[in-house]
Structure formats: structure tokens, C-alpha cells
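Taking the form predicted on its own, here's one chain by itself in C-alpha cells.
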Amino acid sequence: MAICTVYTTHSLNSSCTISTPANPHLGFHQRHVVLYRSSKKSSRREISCSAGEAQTVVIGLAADSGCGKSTFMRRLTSVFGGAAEPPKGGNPDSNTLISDTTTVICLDDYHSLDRTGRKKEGVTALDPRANDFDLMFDQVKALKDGIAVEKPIYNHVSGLLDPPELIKPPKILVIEGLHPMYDSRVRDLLDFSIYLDISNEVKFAWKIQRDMAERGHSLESIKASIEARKPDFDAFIDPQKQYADAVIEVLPTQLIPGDNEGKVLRVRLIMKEGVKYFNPVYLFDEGSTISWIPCGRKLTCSYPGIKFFYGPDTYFGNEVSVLEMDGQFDRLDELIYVESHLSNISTKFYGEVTQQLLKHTDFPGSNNGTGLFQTIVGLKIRDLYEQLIASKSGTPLAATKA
């Protein structure tokens, strides 16, 4: 049965109309925050609200399990300042992370089937039939419109669906998980979208390293787990990258012939052209095709070295700019030499990219292209947010940055 709880507040002026099959014209106009939760379509209440000048910007991050979403989220929240923590006083198994500026929602919370239910129905969590896209759309739209919601919690420890938690509209809402761009309704709510595309070879190497070394799994069980997920991943997750505004693609290095260990990586930042408030990063000369080996007097490089590439390309029929890094840094403080040759990186001061990476040297990928490009995308999202807010308020961007 659908639930609607109303709390009076002085901070949000909203005009809301609630209609149900039993009472299609019930309405109210007052200062309210509306929290709602729906289950079956037959009993859903349709809630439409206008919350004045909503300022929430919605970012979508899609990737398979174990592909670096958590690390990306930590880098992103660091760019905006403040530590991201679970809701205070709430469920200790909450998947939500909240900082001063951002709220990160894990889309696993919209599983419509718990672990037992998926096993009974013979579906994986990647299968859309195991997820409630109607509720996902309703709640993301509400938060974008400045309305708080009661979001369900999927408990990864127990595999059960826990009671919901209160989520208030943040300045920036990040929805991360398997399906942020699967449903066209949710996709249309996104102000910017990112896909982390980890190649099968690297994914396998990472999973072996994590599950064998840290969890004691056998090589056979790891292979079986990957193969069991692959059909659903190929059908439902991987196609979402065609909708992404930016793709971070992680591939085996080309600097070491036949390498398959996944320790040295070739990482590509694929940036869609023509996205509002997003100007692709470029190396040396915008629109040119550049191959650059920076190793020498200003950059320490041990074997196999570092190689950068930049140039135009097409991706799923869209014009894109591609920035690529193959190899890894020996000394992160020397990254500023590379940073000084990149343009459109949306930094607020000289060396900000280098500073961000040095702050988090313990994060996975900090010495290669995954950390570099995740940090740059985080800075680009900050810039996009500031431009969006300036455009809504009519304030010149320079005044907003000041």
C-alpha cells in the first residue's frame, strides 16, 4: 500500500497535488515536504509537486559491481569538500552517503526482490525484473524538484529489504549503480552521466586480486561468478554507455606486449561533444591528434613508461574527444607537469588536479589514468553544477565562483 507522510517546514515552499484511484482530486497548497513510498503499481499514488526554484543537480554513474564506483564517489565528494558519511542516527547498513554538498544514493536500494526472491525467480540483480524503476523515477524526480523522500534500503549484509530512510534534497544528487541510464525516464532527469567501462581482461584481473587475496575465493569460483553475470551484464548494463556524457574506459596496457596482470593500465576518457555546460578536456591543441611521451627531465618514468594520446573520434554515432593515458606515475608530485599541458580541466587554481591526487594517494588508481580522469571528471562536475546554478538564478558565473 502506498504511503504518504507530510511534514511542515519553513524552508521549502511547495505546491503539491496528490491523486489516488479512490480520490483523484485531493489536493493541498501549503509549505510541505512530501515523503512517499510506493510498491505495487495498482496501489501507487501519483505525486506531482512544484518546489519553487529547485536547485538539485542530478548526476548518474553507471558501472558493474567492483568497477570503482565507490572510489569515484570519494574523489567526487572530496572535490566539493566535506567527508561523505551515512545518514546520522539511521540504519548502520544504509548505502547512502551524505556530505555538505552531495548525497550519493546506491541504486541497489531499488531492488524489488531481495536475495531470496531473486534466487526463487531465477534472476540476478542486473535483471530489470529485479528492480523497481517506477519508484526510482518517482523518487529521483522528487529530489530533483526539491522534495524529500522515504527511500528503501537494500541490506547487502542480510540480503533483505530494510525499512526506508529519509533523504532530503541535496545540492548535488548522485545516483550510482547498475541501472542509472537504463530507464529513459530516469535518464532524462540526469544533468550529467558517467559510465565506468572496465574491460573483461582488467575486470577479471581485479576480481582475482580482490577475491583471492582478500576473500579467499578459488580461481574456479571467480571464473564461474563472472561467467554467470556476463549475459545479464551484456544485455542490461553495458548498453548504457551509449547514453553517457563521459566514459572512463580501462584497458590492458599496450606498453607491455601480452600483459594481462591488470597492474599497468591504459585508460581512456571519452567525452561527448555538445553537452551543455561541459567542455571536453584537451591536450596541447583542441581538435588536433596528439601522441605525447612526457618521460624525461621533468617526469620520472620507470619501465614501461607513460604515453598520452588526445584526438577526435566517434562513439556510438556521437562525436567525442578522447584523452588517453597508458602507464603510471612514479612520483605524483610531478603530475603537475602533465596537468600544465591540459586545458578545460575546470580547476580553480594551478595544480588543483595534482593536489587532489596527492590528498588521496591511498585510493586505488591514484598513480594511473583512473585516478587522474576520475579527478578531472569530478572537477568538471563541480564546474557544471556552478554553471547550472548560475543559469537558474540569473547570476553571472564569475559572481557565483567568487
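Fair warning: this is a prediction, and the values are worked out from it, not measured in the lab. Residue numbers run from 1 along the displayed sequence.
Missing here is the form predicted together with a small molecule; even so, the following discussion is about that form.
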- prompt: Applying a 4.5 Å heavy atom distance criterion, does Tyr154 contact the small molecule in the model of the complex?
  reply: yes
task: Spell out, yes or no, whether the shortest heavy atom distance between Ala125 and the small molecule in the model of the complex is within 4.5 Å.
output: yes
query: How about His111: is it within 4.5 Å of the small molecule in the model of the complex, going by heavy atoms?
result: yes
- prompt: Would Arg187 show up as a contact with the small molecule in the model of the complex if we use heavy atoms at 4.5 Å?
  reply: no
- request: Considering the small molecule in the model of the complex, find the one stretch among 154 to 162, 306 to 314, 253 to 261, 287 to 295 with heavy atoms no farther than 4.5 Å from it.
  value: 154 to 162
- request: Verify the flagged residues Arg268, His341 and Ile376 against the small molecule in the model of the complex: is each one within 4.5 Å by a non-hydrogen atom?
  value: no
- request: Quick one: from Arg115, Lys171, Lys144, His217, grab the residue that has a heavy atom within 4.5 Å of the small molecule in the model of the complex.
  value: Arg115
- prompt: Given that the small molecule is left out here, which of Ile175, Leu76, Leu178, Ala244 has a heavy atom within 4.5 Å of it in the model of the complex?
  reply: Leu178
